[in-house]
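The form predicted alone is given below as one chain in structure tokens.
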Amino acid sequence: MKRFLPLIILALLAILPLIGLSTYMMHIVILVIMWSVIGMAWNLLGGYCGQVSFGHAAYFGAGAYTAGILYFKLGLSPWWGLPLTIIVVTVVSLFIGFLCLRLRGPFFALATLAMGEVFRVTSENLVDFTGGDLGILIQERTWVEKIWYYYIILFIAAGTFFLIKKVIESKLGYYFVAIREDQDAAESLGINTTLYKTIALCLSGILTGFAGAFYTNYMGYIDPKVVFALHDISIVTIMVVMVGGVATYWGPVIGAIIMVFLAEIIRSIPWLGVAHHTFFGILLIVIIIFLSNGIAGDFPKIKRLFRIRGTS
């Protein structure tokens, strides 16, 4: 049954729009799926390979601006940004990897955080190329109905899930886990850790870039403070994975569901909406203390807890 679970869930998601969801609920579900893609991409690098990145906004923004600049400067459809993202984000990933992958632990995390901010500041100042703080507005939208965007991001998410599953269950995945557990021991066994960390970084960056390119097409507007945002992209990405479960297949999906719906609930409460960042911080602390492996990682513990309460 577990073997066919991803296909069953994919089939259910494929028919979900046919039950007559409201426009607002379709928007929320699209955001959940998009954040699932970003979370799965980060999990490949941070969860399985052990390279905790605080700068994934750089890849998200690079993908977003790849699509946006094609429209803004060349007059092409921003949908061409999806395939072109592979090239652009690979270059960005190699550049960041060259500068940051020689560092380890918190030094790597801080370096990636700095790189994300470098990309944001750079995009704000390249006014003629990126539009600066005014951003880029996509005036000619391909579709008005959200159902088409839903199926596109669902296709991206399904491809991301099965690609990561295939990678992790291959020799490449074993190398990633070996690097995460003990990089020095992995090197002593002849594993080229720099090469495989770079591969993980590029794969993670490209998948995140796909989400960014989709975001441009879906939202129709981007600016540096949105797509290169430290908190709203990089930090929330980590929270999605931490809440759902690090180094698990379903953790990013569970985390995306919780974080997106929770964000909408908090923003609907006037006196709490301005403090949603604080609320997210408290939630992360609670998860780290009581469910250090996230909901998916500590699911057996949760089941035992409810079983004990049910028998008492």
Partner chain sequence: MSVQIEVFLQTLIAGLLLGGLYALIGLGMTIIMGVMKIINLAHGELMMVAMYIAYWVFVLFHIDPYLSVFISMPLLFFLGVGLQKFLINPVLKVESILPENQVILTVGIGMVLSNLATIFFTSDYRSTPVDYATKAWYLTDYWKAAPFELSLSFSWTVSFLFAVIITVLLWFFLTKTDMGKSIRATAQDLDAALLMGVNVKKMRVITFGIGASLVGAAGSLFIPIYYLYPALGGQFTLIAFVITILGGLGSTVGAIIGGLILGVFEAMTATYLGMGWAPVGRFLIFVAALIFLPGGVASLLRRKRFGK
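Note that the structure is a prediction, hence the values are computed from the model and not measured. Residue numbers count along the first chain shown, from 1.
Beyond what is shown, the protein has a form predicted together with the partner chain; the following relates to that form.
K.L.:
Using heavy atoms only and a 4.5 Å cut-off, decide whether all three of 109, 282 and 292 touch the partner chain in the model of the complex.
P.N.:
Affirmative, all three are within 4.5 Å.
K.L.:
I'd like to know whether residue 55 contacts the partner chain in the model of the complex, with contact meaning heavy atoms within 4.5 angstroms.
P.N.:
No, residue 55 stays farther than 4.5 Å from the partner chain in the model of the complex.
K.L.:
Give a yes or no for residue 122: in the model of the complex, does one of its heavy atoms lie within 4.5 Å of a heavy atom belonging to the partner chain?
P.N.:
The answer is yes: residue 122 has a heavy atom within 4.5 Å of the partner chain.
K.L.:
With the cut-off set at 4.5 Å between non-hydrogen atoms, does residue 251 touch the partner chain in the model of the complex?
P.N.:
It does not: once the partner chain is placed as it appears in the model of the complex, residue 251 has no heavy atom within 4.5 Å of it.
K.L.:
Would residue 243 count as a contact of the partner chain in the model of the complex, using a 4.5 angstroms cut-off between non-hydrogen atoms?
P.N.:
Looking in the model of the complex, residue contacts with the partner chain include residue 243, since a heavy atom lies within 4.5 Å.
K.L.:
Out of 155-163, 81-89, 95-103, 201-209, where are the residues with a heavy atom within 4.5 Å of the partner chain in the model of the complex?
P.N.:
Comparing against the partner chain in the model of the complex, the contact stretch is 95-103.
K.L.:
Tell me, out of 76, 147, 118, 195, which residue has a non-hydrogen atom within 4.5 angstroms of the partner chain in the model of the complex.
P.N.:
Comparing distances to the partner chain in the model of the complex, the residue within 4.5 Å is 118.
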